[in-house]
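What follows is a single chain, given as structure tokens, in the form predicted on its own.
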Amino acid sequence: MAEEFEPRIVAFLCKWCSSAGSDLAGVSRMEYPPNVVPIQVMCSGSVSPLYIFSAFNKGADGVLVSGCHPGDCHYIKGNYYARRRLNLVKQLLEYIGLEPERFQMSWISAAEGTKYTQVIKDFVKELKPLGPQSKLRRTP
């Protein structure tokens, strides 16, 4: 019997908003898939494209970057810089032959635990038909 594919997702979460939103989802006992490895960063603007490519290189099937809503960044313009930089990452992924759907950005505040769970559920649902990522995965 073939086992159903479960994608592995690396999520870079802003400490001030998105990480707090994921914590709210957890303490509120909201259910969502356990496919995510959360990594807390100070700001979505501090996420280097190298972090994203490194996650894919180490076997992630999808990468999520999530931060404060535009206009609400604790570092004033960090999420604006992230949005601009990470749109280029999507184009680079397509250029190297990796499906751009494997990378997502979202804006989740500390009070949006429900939104966090929905973003994760939707991302898992989008990744399942794509299957395992193998383009950037390093072979031992």
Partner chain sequence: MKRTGVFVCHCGINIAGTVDVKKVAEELAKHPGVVHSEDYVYMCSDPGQNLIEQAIKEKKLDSIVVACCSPNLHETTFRNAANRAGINSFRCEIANIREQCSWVHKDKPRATRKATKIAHSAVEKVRQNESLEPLSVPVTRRALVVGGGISGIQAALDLANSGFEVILVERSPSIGGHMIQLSETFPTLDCSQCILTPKMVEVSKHPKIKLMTYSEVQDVTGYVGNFKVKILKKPTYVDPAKCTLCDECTKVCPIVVPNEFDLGLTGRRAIYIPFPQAIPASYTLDDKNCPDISTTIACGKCADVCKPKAIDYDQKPEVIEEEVGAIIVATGFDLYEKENMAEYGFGKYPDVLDGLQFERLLSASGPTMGKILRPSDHKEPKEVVFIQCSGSRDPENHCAYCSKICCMYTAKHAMLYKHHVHDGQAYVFYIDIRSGGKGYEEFVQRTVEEDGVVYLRGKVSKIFEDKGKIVVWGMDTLTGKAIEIDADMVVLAQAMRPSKGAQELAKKFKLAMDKDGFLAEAHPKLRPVESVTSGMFLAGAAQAPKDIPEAVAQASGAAAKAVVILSQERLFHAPTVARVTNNLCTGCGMCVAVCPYDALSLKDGKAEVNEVLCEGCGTCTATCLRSAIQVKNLTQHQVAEMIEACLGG
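If you're wondering where the values come from, they're calculated on a predicted model, not measured in any experiment. Positions refer to the first chain, counted from 1.
The following text describes the form predicted together with its partner chain, which does not appear among the structures shown.
Asks: Given that its partner chain is not shown alongside this chain, does Leu50 nevertheless sit within 4.5 Å of it in the predicted complex, heavy atom to heavy atom?
Replies: Yes - in the predicted complex, heavy atoms of Leu50 and its partner chain come within 4.5 Å of each other.
Asks: So in the predicted complex, is its partner chain close enough to Val27 to count as touching (4.5 Å, heavy atoms)?
Replies: It does: once its partner chain is placed as it appears in the predicted complex, Val27 has a heavy atom within 4.5 Å of it.
Asks: Ala111 near its partner chain in the predicted complex, any heavy atom under 4.5 Å?
Replies: Flag for Ala111 set to no.
Asks: Note that its partner chain is not shown here; using its position in the predicted complex, name the residues of 12-37 with a heavy atom within 4.5 Å of it, in sequence order.
Replies: Contacts from 12-37: Phe12, Leu13, Ser19, Ser22, Asp23, Ala25, Gly26, Val27, Arg29, Met30, Glu31, Tyr32, Pro33, Pro34, Asn35, Val36, Val37.
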